[in-house]
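The chain below stands alone and is given in structure tokens; this is the form predicted on its own.
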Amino acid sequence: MWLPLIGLIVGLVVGFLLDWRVPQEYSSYLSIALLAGLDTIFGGIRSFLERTFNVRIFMSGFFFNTLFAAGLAFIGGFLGIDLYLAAIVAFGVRLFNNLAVIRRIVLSKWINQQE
């Protein structure tokens, strides 16, 4: 349980200490990778709260979503079309949907504890 938190803290400290910039031509790939990762994390939290979590589904979803979205961005860049925007919209919708479900689950558990 503490290992992800320690990794997050170390990553934030290293990120703030280093002055590292992402080149402009890779910014669309990074934005998609970030959204795919967040979507997978919040989907994992949702499935954990619903007691349906499976680590194989979690890991395969993370890599498949990231690679598929990066492939869309690459093909779109090759064709001169901003296809990465479709992936950003899809991951954004899924992310907010997962957050809404997580909020409902947590609130219902909290309300049931109060009774």
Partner chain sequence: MLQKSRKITFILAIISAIIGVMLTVQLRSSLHPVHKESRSIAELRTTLQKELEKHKNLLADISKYNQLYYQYETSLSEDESISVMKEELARTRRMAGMVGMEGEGIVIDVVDAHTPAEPAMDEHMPVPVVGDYTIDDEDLRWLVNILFANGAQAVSINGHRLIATTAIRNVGDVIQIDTRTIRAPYEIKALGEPEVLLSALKLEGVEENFQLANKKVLAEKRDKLMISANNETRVIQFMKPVKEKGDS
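Please read these numbers as outputs of a predicted model, since none were measured by experiment. Residue numbers count along the first chain shown, from 1.
We do not show the form predicted together with its partner chain, though everything after this point is about it.
Enquirer: Pick from 93, 106, 100, 14: which has a non-hydrogen atom within 4.5 Å of its partner chain in the model of the complex?
Expert: Of the candidates 93, 106, 100, 14, 14 is the one lying within 4.5 Å of its partner chain in the model of the complex.
Enquirer: Are any of the heavy atoms in residue 3 no more than 4.5 Å from a heavy atom of its partner chain in the model of the complex?
Expert: Flag for residue 3 set to yes.
Enquirer: Quick one: is residue 30 in contact with its partner chain in the model of the complex, heavy atoms, 4.5 Å cut-off?
Expert: It does: once its partner chain is placed as it appears in the model of the complex, residue 30 has a heavy atom within 4.5 Å of it.
Enquirer: Given that the partner is absent here, does residue 77 sit within 4.5 Å of its partner chain in the model of the complex, heavy atoms only?
Expert: Result no; residue 77 lies far from its partner chain in the model of the complex.
Enquirer: Please determine whether residue 68 contacts its partner chain in the model of the complex, using a 4.5 Å cut-off between heavy atoms.
Expert: No, residue 68 is distant from the partner.
Enquirer: Mind listing which residues of 78 to 95 have a heavy atom within 4.5 Å of its partner chain in the model of the complex?
Expert: The stretch 78 to 95, when checked against its partner chain in the model of the complex, contributes no residue at the 4.5 Å heavy-atom cut-off.
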